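The form predicted on its own is given below as one chain in structure tokens.
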């Protein structure tokens, strides 16, 4: 990360690229037990949160990521009632999950409580569902939580993690995915952010291999834009052993019982299409 008086810049050095956002002010800076949390006010992207110098969330574009991390999986499952979110400290994925009337329990397991407390102060809209009686916030290690979960505890597990480095690296492992499979019930689905198809195609291939090695029969990567993440192109990868992931409850999506700004039936269908280079890599 580089910062002059007017611009926040995140450099993707290995790719020879970067993103810059024009800022008005830096309004928060703290070192938690796990990472540095910084908050900026930008000129055109609203409030910006960074963790260890990497963009995590902005007011302007976060809805795309959080809707695609939650609604495709929830509308693919026939009746999602119990949902587990690993990470997701800004709480927006939790908010999207709780838009589904079928959900009876949504547990969020975030390692760093300070991320959530800072989000509650600077991103109150994202945290609007934190007091929902169906929500449970736990501040603990997500890997250990899933390892201890009883078999069949959840219908959907959402891995809303940071990049696969440091404490988050284990969230991309075959061992963790095997624990997820055991913790899921019939027709259960796991979905995790899987980085940029353009910059991190090999990582996506490794995620597919690890999920299949863990015992999941069906694996599908969804593509969507995310302009403040590396390359501006992001992905989420689903896995399951129940109904084919290529099908979803299209009529329920079309009925618009869940309010969204990006996700809809056509987006869900289109997001399943893989570019040729990725399709060949994943075969």
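Because the structure is a prediction, the values reported are computed rather than measured. Residue numbers count along the first chain shown, from 1.
Not on display, but discussed next: the form predicted together with a small molecule.
>> in the model of the complex, does each of 151, 187 and 240 have a heavy atom within 4.5 Å of the small molecule?
In response: Result no, not one residue of the spot touches the small molecule.
>> Just to confirm the contact call: exactly one of 22-30, 248-256, 212-220, 54-62 touches the small molecule in the model of the complex at a 4.5 Å heavy atom cutoff, so which is it?
In response: The contacting stretch is 54-62.
> Taking heavy atoms and a 4.5 Å cut-off, does residue 161 contact the small molecule in the model of the complex?
Replying inline: Within the cut-off, so yes.
>> Contact with the small molecule in the model of the complex for residue 142, defined as at least one heavy atom pair within 4.5 Å: yes or no?
In response: Because a heavy atom of residue 142 falls inside 4.5 Å of the small molecule in the model of the complex, the answer is yes.
>> Would you classify residue 168 as touching the small molecule in the model of the complex, given a 4.5 Å non-hydrogen atom cut-off?
In response: The answer is yes: residue 168 has a heavy atom within 4.5 Å of the small molecule.
> Do residue 183 and the small molecule share at least one heavy atom pair within 4.5 Å in the model of the complex?
Replying inline: Contact check for residue 183: no, nothing within 4.5 Å of the small molecule in the model of the complex.
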